[in-house]
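First comes one chain, alone, set out as structure tokens in the form predicted on its own.
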Amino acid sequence: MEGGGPEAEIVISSRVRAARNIKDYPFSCLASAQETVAVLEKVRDITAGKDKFTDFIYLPMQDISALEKQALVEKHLISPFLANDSSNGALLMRADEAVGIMINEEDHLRIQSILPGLRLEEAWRDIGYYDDLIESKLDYVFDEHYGYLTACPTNVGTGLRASVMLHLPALIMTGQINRFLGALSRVGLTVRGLYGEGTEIIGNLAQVSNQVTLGHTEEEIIGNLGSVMCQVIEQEQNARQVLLDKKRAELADKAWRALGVLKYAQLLGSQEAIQLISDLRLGYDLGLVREVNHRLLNELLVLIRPGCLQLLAGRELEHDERKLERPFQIKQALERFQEQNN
């Protein structure tokens, strides 16, 4: 949520993850409970409190509440599969939350790094470091022709998925988004919404990731996505300038209205809150509003989600109760920010 990093005005975060499986054990979806326990113990034996893993936190899924799991999903630290469907699943997470290792997800291991801004290469280096540490102690399932073997065929090869979370209000407002989506699919990339596969773009937020890992090297996957992202960033910047030149007053009005609603609303739904934060973020990025910053805006994007909201409230909330709690937590965050910056 720090909000820093290159191209932070448009790129909220970069994420890279590698799928790996341990030799002589069935894939997680076919493994018995005894076998998933054995995988868990093997990973724990080489990581728990050991050398380069002393700053990692171990979270077995069976020991944390449904709300805590939901919040981890909302922060993209674990997958819905690990939260709800895994057998003896666990998360090994670095204390700063930038690096995590999901155990007994769809694959035995999903090693991932999430960093603010456009930092794909740095995220890739992060997971490569921990991947090498684990591979020095465990044998992965690897085929000389196909590469790393995975439960899902689309991950076979490098096992690498790289994605970027983008804020693209200008491309959407100027009607260029469909052309943008078509162009990405032609170069082997896919676009999803804020919550990943199967979700729509809301609040002008889109995840862009590679579709195929087989037949490409890690360098090619990271380089291709990074190169395309530079073009997307340029297009979004150009579209923002066009909007600023033609509709400056309208954009300013929308941003200030969004701030006013976030400050004073009594009821807020999740999608409405995301859209308001998007409008305010665009106003801030264009220099039309100065009462916020990227860190605050990123924090708001996290705390308005159902799981995080209920954790902050300290109890489970019904839908209508969440609509009451959401503006309360937003006001608290805005007040803290104002106090810290006075």
Partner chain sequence: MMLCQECRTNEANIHIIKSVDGKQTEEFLCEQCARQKEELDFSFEPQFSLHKLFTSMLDQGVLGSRETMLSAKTQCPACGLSFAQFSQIGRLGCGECFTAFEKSLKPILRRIHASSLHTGKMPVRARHRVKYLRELDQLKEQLRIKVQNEEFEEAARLRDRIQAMKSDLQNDEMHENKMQLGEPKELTEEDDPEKGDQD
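Positions refer to the first chain, counted from 1. As the structure is a prediction and not an experimental result, all values here were calculated from the model.
FYI, the form predicted in complex with its partner chain isn't displayed, but the following is about it.
S.K.: In the predicted bound form, do L30, T217 and Q271 all put a heavy atom within 4.5 Å of its partner chain?
M.R.: Yes, each of L30, T217 and Q271 comes within 4.5 Å of its partner chain in the predicted bound form.
S.K.: Answer for T158 alone: is it within 4.5 Å of its partner chain in the predicted bound form, judged on heavy atom distances?
M.R.: T158: yes, in contact with its partner chain in the predicted bound form.
S.K.: Give a yes/no on whether G226 approaches its partner chain to within 4.5 Å in the predicted bound form, heavy atoms considered.
M.R.: Although its partner chain is absent here, G226 would stay clear of it in the predicted bound form, with no heavy atoms inside 4.5 Å.
S.K.: Please tell me whether any heavy atom belonging to P60 falls inside 4.5 Å of a heavy atom of its partner chain, as the geometry stands in the predicted bound form.
M.R.: So P60 does not count as contacting its partner chain.
S.K.: Quick one: does H294 come within 4.5 Å of its partner chain in the predicted bound form, counting heavy atoms only?
M.R.: Flag for H294 set to no.
S.K.: Given the stretches 126 to 134, 166 to 174, 241 to 249, 96 to 104, which is the single one in contact with its partner chain in the predicted bound form, using a heavy atom cutoff of 4.5 Å?
M.R.: It is 126 to 134 that comes within 4.5 Å of the partner.
S.K.: Work out which of A265, V191, L77, L138 lies within 4.5 Å of its partner chain in the predicted bound form, going by heavy atoms.
M.R.: It is L138 that has a heavy atom within 4.5 Å of the partner.
S.K.: For the stretch 319 to 342, I need every residue with any heavy atom inside 4.5 Å of its partner chain in the predicted bound form, listed N to C.
M.R.: If the 4.5 Å heavy-atom criterion is applied to its partner chain in the predicted bound form, 319 to 342 yields H319, R322, R326.
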